[in-house]
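Just one chain is shown here, as structure tokens, and it is the form predicted on its own.
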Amino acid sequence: MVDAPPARRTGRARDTAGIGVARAVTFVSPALVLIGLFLVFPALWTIYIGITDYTLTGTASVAPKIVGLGNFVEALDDALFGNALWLTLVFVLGSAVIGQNFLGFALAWLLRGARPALRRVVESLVLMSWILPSVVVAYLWIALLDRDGGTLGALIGSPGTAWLVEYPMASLVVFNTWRGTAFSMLLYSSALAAVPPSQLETARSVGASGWQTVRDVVFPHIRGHVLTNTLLISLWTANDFGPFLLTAGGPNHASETLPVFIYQQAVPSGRLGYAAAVSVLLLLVNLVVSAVYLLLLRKRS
């Protein structure tokens, strides 16, 4: 019996499903078309607009001119862009990396041994804040933090405090922590279920405190989940437009994160080319964060 050529043997070895290359390409082509249509093409179009002086109205909206890296240079020299970048960093660190991470893990850890009924009630309440429409959530928080008739002012006995005006970023951090904790709670609940109970029982029997148990027993098992959760919630928060619904970037740009800054430049100001360039810079920041995550994950492996 004559052996098949090496190239053919290699091809068969890689075709583990046995359906053939042509049929495999046919199966994945709809997904590739959707990815190209809704992800690759918009990204390339944004990059193109970012190197033009495209505007919402006027002659540049009909016949935009290529300006090269002019928009990118202007953005890096723009004090408002620097302010938006810093506020985005504060927003991500405060509400995602610290807020949602710690609160989500704390809820998952405390609910492990809770009664099923209590656990379902708490999880339902936390999930409700995540699945409600953004407009509804924003309205509820405006009603809570309103200066004249806000619920928070009435509860703590300090009516007349304009929380969204006097403490805009602190309000947004608390708001986004409350809004997005559900995802972290669900992910950590699933991760904690994979921790061997025997190791937890051993730590308890030797007198380890709760923090020692988390540090020495739990964290080594869920380190990958922590990295994954931190990456996802950081990217979601960095691109979140929710702050606009509460403060619209005010007062005086004090809560203008990058997504809000991009909107302000694109729609009210009509500078679509400049806004697209800032969007590309935000995309690059997201790619850097993702690369750091992959590097940490590789080191862990």
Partner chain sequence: MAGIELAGVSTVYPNGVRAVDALDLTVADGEFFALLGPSGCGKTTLLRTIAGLEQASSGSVSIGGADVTRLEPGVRKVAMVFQDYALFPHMTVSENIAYPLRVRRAPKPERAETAARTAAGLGLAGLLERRPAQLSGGQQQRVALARAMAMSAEVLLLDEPLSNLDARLRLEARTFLKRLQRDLGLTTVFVTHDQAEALAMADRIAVMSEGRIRQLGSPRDVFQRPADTFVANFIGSTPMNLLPAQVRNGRVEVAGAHLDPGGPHPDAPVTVGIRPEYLHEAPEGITGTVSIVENLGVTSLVTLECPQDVTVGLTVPEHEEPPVGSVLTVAPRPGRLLLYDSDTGQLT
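Being a predicted model, the structure only gives us computed values, none of them experimental. Numbering follows the first chain given and starts at 1.
One more form of this protein exists, namely the form predicted in complex with its partner chain; it is left out here, but the text below deals with it.
Engineer: Can you pick the one in Val206, Leu155, Ala194, Leu118 that has a heavy atom within 4.5 Å of its partner chain in the model of the complex?
Structural biologist: None of the other options qualify; the answer is Val206.
Engineer: Given its partner chain in the model of the complex, answer whether the residues Glu166, Ser171 and His253 all have a heavy atom inside 4.5 Å of it.
Structural biologist: Spot residues vs its partner chain: no contact at all.
Engineer: Check Leu80 for me: does it contact its partner chain in the model of the complex (non-hydrogen atoms, 4.5 angstroms)?
Structural biologist: Outside the cut-off, so no.
Engineer: Going by a heavy atom distance of 4.5 Å, is Glu74 a contact of its partner chain in the model of the complex?
Structural biologist: Outside the cut-off, so no.
Engineer: Even though its partner chain is not shown here, does Pro220 get within 4.5 Å of it in the model of the complex, heavy atoms only?
Structural biologist: Yes, contact at 4.5 Å.
Engineer: Given that the partner is absent here, does Arg215 sit within 4.5 Å of its partner chain in the model of the complex, heavy atoms only?
Structural biologist: Contact check for Arg215: yes, within 4.5 Å of its partner chain in the model of the complex.
Engineer: For the stretch 181-199, return the residues whose heavy atoms include at least one within 4.5 Å of its partner chain in the model of the complex, in the order they occur.
Structural biologist: Residues within 4.5 Å: Ser198, Gln199.
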